[in-house]
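Before any questions on how it binds or moves, here is one chain, the form predicted alone, in structure tokens.
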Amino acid sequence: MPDHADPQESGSSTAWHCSHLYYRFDRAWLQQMPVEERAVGRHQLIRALDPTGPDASIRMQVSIVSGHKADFGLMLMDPDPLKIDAVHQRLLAGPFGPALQATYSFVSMTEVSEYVPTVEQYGQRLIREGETEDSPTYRAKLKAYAGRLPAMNRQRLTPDFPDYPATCFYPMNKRRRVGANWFTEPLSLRNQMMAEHARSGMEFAGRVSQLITVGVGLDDWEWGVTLWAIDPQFLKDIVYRMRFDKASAKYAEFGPFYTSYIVDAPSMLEHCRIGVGD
């Protein structure tokens, strides 16, 4: 559960825009299209969703959505928000445009949370945990963290998508209720709760990868959480585990969950029976 950080304070000034877009096919409209037009529409949709195409955003992921909320979803990332929106507009302008019903979207940006410790803050945490500054263990841990931090922050701001087949997205807010107002709690307490939350997530290293994007000022919810997993079982497990952390149990509010399975555009169309047999 992240919080917003000033890019100047985090030491980073480059962030990518991110959009999660979800669509449903209007089968009745598609059935009225001549076979030749459906074939053209299928071809153009595949071309529009080709992550190697000349007009693709830097990151583009297509997935098949479970349940009735949508047929397929897109996760798009790029430094230019209009390049992301152009993907959406090409879909709507194509032959399948009238048959595409947009069901949900979330617009956000990447960030480095203020709860990511600097090297100095990490050193202070080690001391609180019982290390001493002159010990070899302290120096080794601090050096290792200093070596990892630039790459970790680059991954937060300009992420690569993991090679995991299952994914889940949901938006969330921090509560502003009497007795449970995240934004009136002191930073030291919020840091403590977020450290606990991070430790829970680390239990799933190698099985689940997470990306937090910020929607503050951009969308109805404050943050978007994207999870990827090697097995959907781990999506359930990590969300359940982390709900017991105080930062989540007391202060989190969640929006709709979209679970989906990553494929390429031709496989998505085949799964949805769009144009199959034409």
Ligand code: 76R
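Start at 1 with the first residue shown and count on from there. Because the structure is predicted, anything quoted here is derived from the model rather than measured.
Below: the form predicted together with this ligand, not depicted.
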{"query": "Close approach of residue 88 to this ligand in the model of the complex, 4.5 Å, heavy atom", "finding": "no"}
{"query": "Non-hydrogen atom contact residue 246 with this ligand in the model of the complex at 4.5 angstroms", "finding": "no"}
{"query": "Contact test in the model of the complex: residue 100 vs this ligand, heavy atoms, 4.5 Å", "finding": "no"}
{"query": "Residue contact check: residue 113 to this ligand in the model of the complex, 4.5 Å heavy atom", "finding": "yes"}
{"query": "Of 178, 202, 127, 82, the one that lies within 4.5 Å of this ligand in the model of the complex (heavy atoms)", "finding": "202"}
{"query": "Contact residue in the model of the complex, chosen from 30, 218, 60, 225 - any heavy atom within 4.5 Å of this ligand", "finding": "225"}
{"query": "Check all three, 69, 104 and 106, heavy atom within 4.5 Å of this ligand in the model of the complex", "finding": "no"}
{"query": "Interface stretch in the model of the complex with this ligand - options 72-80, 169-177, 90-98, 129-137, non-hydrogen atom within 4.5 Å", "finding": "169-177"}
{"query": "Heavy atom within 4.5 Å of this ligand in the model of the complex - qualifying residues of 172-210", "finding": "172, 174, 182, 194, 197, 198, 201, 202, 210"}
